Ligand SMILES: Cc1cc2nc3c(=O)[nH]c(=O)nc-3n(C[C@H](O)[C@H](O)[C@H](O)COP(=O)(O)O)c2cc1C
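A lone chain, given as structure tokens: the form predicted on its own.
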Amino acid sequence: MAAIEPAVAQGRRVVVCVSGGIAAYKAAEVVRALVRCGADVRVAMTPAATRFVGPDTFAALSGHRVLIDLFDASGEVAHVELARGAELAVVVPATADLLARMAYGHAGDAVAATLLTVTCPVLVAPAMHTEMWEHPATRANVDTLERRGVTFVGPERGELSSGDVGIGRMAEPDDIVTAALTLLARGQDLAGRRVVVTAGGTQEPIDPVRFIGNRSSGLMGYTIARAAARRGAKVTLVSGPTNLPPPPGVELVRVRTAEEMHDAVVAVAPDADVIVKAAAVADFRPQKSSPVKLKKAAGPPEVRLEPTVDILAELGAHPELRKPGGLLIGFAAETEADPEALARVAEDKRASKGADVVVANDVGSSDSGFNVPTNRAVIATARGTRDVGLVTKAALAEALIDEIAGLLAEA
């Protein structure tokens, strides 16, 4: 906890949701620590959680009545009142059952209903047996929640309630509180800022049914846009074709070609405090596009290519197109897993493109890049390079937003 000042929690509303696992007793330590940091802590429990720790314990530690019954006798919609005004929700412990219900949006008890109502960041501390944590259903639920911006702390490898040793042990209370304070410190650090994010690939038409493109799903850019919006920014997302739903609270501008993306970005660049070029723009397009479908029977067509506009390089070379003092962030998709090689690429592109920050990420490995939830990446700034390692796209987005917020604060 030494790296984060406990004072960031002073007067902040934190909802702690406790589910029915043996690690529930550790939730009392989390509540106690957050209260000592000055947070206004409110607790919700599942009925199963009360079999491990009595609600009177949490009432005494927090100084507030504990919500257990979804149908409160007071006549209030209790879970709505609990969620309203919360600045952070902490789920400790999160069982496999609760993760599944969170992923599917169930609201059958006070905890699930509260978590479906909060609009603040959510921190989850899973605790379960190894086989449950590693089950494909749980992994899919975790991926879903991470894509929505939920932050995970743990689980860790250690002794489990069954006496086995393996992954699934809940993170220690001090680590959970540190993660909570970190999220509170981020808060609304981009409030009042205008952020433009590009996402997805572009499609350069050969004819009305065929195009030149790439395998980008748009997930990285959408995750960055969601993270920036959650931290207070007014976000415009310029997106190539994707199957992703628009992030809540984000203005979505749909484009198809590199030229359309260029025009859309240049139109909003003068008002943008930050431009994040996360899209995988096609490097080439056909010199001519047929207005009608080319027939297979006619044989292979001759397709001559020409370069598309390099939007990042143009913005870097012409700062008059951008807001004075605004930040320019680029991405480099590379088929290189070595961190040192990625660092060299990131720094070289940062210098050559005139960008403030470049993120080089590996798209050539099965566990990193397009259409997977994780990225292996290096972030380059004027201060040097930082190897982020293999992390979820949500974690990479938060790391990048941290860099952006720090640079804006310095400016």
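Numbering starts at 1 and runs along the sequence shown. Note that the structure is predicted; figures quoted are calculated from it, not measured.
FYI, the form predicted in complex with the ligand isn't displayed, but the following is about it.
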*Contact between residue 132 and the ligand in the model of the complex at 4.5 Å, heavy atoms?*
yes
*Quick one: does residue 95 come within 4.5 Å of the ligand in the model of the complex, counting heavy atoms only?*
yes
*Give a yes or no for residue 230: in the model of the complex, does one of its heavy atoms lie within 4.5 Å of a heavy atom belonging to the ligand?*
no
_Would you classify residue 22 as touching the ligand in the model of the complex, given a 4.5 Å non-hydrogen atom cut-off?_
yes
_Would all three of 281, 349 and 361 be in contact with the ligand in the model of the complex, where contact means some heavy atom lies within 4.5 Å?_
no
*Name the residue from 35, 53, 70, 48 that puts a heavy atom within 4.5 Å of the ligand in the model of the complex.*
48
*Report the residue, out of 88, 224, 199, 128, that has at least one non-hydrogen atom within 4.5 angstroms of the ligand in the model of the complex.*
128
*Determine which one of 246-254, 98-106, 299-307, 172-180 lies within 4.5 Å of the ligand in the model of the complex, judging by heavy atom distances; exactly one does.*
98-106
